[in-house]
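This document opens with one chain alone, in structure tokens, the form predicted alone.
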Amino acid sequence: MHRTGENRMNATPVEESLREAAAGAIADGTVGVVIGYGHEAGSDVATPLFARTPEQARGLVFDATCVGNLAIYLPKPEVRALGRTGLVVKGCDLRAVNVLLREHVIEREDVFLIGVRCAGVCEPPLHKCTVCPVHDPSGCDVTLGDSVEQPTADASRANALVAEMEAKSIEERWEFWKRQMTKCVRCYACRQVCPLCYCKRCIVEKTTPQWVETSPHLRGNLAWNVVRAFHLTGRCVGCGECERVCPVDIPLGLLNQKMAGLMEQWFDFQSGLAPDEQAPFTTWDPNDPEEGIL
């Protein structure tokens, strides 16, 4: 899966087109930096590559190892200081960009999106890839790669793991989550890798009052992970990065998938499919009849 040395020079047609598009955007001043993927010796997955010259853009790659969601860099002030940002996105990454646009964290004119059609990453493809509804990142400034057959969204397959968990008794579920939450070491890797965790000050860093205990014990761990799941409700795009980087393998995706399933069930809503979508919990309507509010 990992390519090094000589193999890195044997670029695929998609990679050649990617490098050409990125180098051209840098050369003509369209962007100040292009953030994409590169290969680094010793890493099994592609690592972020910041190209600021056409020559550096020659190191860009795109293959099954390009797992990470690079949208995480868009809100960072040190990245914005480099000028207009070019970003290489897969369909799932574009969903995160759409949420950032929807929440006015970034503005569309400040980003140059290079979309790459993607049938899935890793071999075999990750579960998130088998249920992904966006293999073609439409709406980008440049879109590369051959068309990918768009599968029909299968909610039952997407929520299969959630359904399996909910088939257990309440006692069994509690024992399961108690074991999982006890493992948490409060490293906050899940927060750091999430493109939608962009708060300048996280709730766990607030001590007056202290809403979430910071010690890595069951009570504080449960509060942290539940609060974070609610914070992402109606926002999470299912990129799976939080679960991928968790050092103790807590199935965080189960929590996010559960909440996403409720959003689809109650509001017929999937997050990140368009930058102008009306999200259930972040849209205000002065004509809302407030039915159901006690």
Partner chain sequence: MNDVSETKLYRLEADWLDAALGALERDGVEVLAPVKDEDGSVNLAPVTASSEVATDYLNALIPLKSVFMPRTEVLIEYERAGVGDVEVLPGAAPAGQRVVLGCRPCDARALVMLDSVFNWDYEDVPYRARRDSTTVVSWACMDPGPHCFCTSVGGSPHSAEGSDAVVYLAGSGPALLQVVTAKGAAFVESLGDRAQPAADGTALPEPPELETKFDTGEIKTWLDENFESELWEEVSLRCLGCGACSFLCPTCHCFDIVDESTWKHGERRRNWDSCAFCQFTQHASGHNPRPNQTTRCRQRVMHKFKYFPDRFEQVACVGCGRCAQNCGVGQNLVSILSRIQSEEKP
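Positions refer to the first chain, counted from 1. Because the structure is predicted, anything quoted here is derived from the model rather than measured.
Keep in mind that the form predicted in complex with the partner chain is not shown, yet the notes after this line are about it.
- Query: Where, among 176-184, 123-131, 138-146, 94-102, do residues come within 4.5 Å of the partner chain in the model of the complex by heavy atom distance?
  - Reply: In the other structure, the partner sits against 176-184.
- Query: Can any non-hydrogen atom of Arg108 be found within 4.5 angstroms of the partner chain in the model of the complex?
  - Reply: Output for Arg108 is no: heavy atoms all beyond 4.5 Å of the partner chain.
- Task: Give a yes or no for Ile72: in the model of the complex, does one of its heavy atoms lie within 4.5 Å of a heavy atom belonging to the partner chain?
- Result: Answer yes; at least one heavy atom of Ile72 falls within 4.5 Å of the partner chain in the model of the complex.
- Item | Non-hydrogen atom contact His231 with the partner chain in the model of the complex at 4.5 angstroms | No - in the model of the complex, heavy atoms of His231 and the partner chain never come within 4.5 Å of each other.
- Query: Gly29: heavy atom within 4.5 Å of the partner chain in the model of the complex?
  - Reply: No, Gly29 is distant from the partner.
- Message: I need to confirm a contact call. Of Val193, Leu113, Ala223, Met165, which residue comes within 4.5 Å of the partner chain in the model of the complex, counting heavy atoms only?
- Response: Of Val193, Leu113, Ala223, Met165, the residue with a heavy atom within 4.5 Å of the partner chain in the model of the complex is Val193.
- Report yes if all three of Glu172, Tyr198 and Lys258 come within 4.5 Å of the partner chain in the model of the complex by some heavy atom, otherwise no. Spot residues vs the partner chain: no contact at all.
- Task: Quick one: name the residues from 16-53 with any non-hydrogen atom within 4.5 angstroms of the partner chain in the model of the complex.
- Result: Residues within 4.5 Å: Glu40, Ala41, Gly42, Ser43, Thr47, Pro48, Phe50, Arg52.
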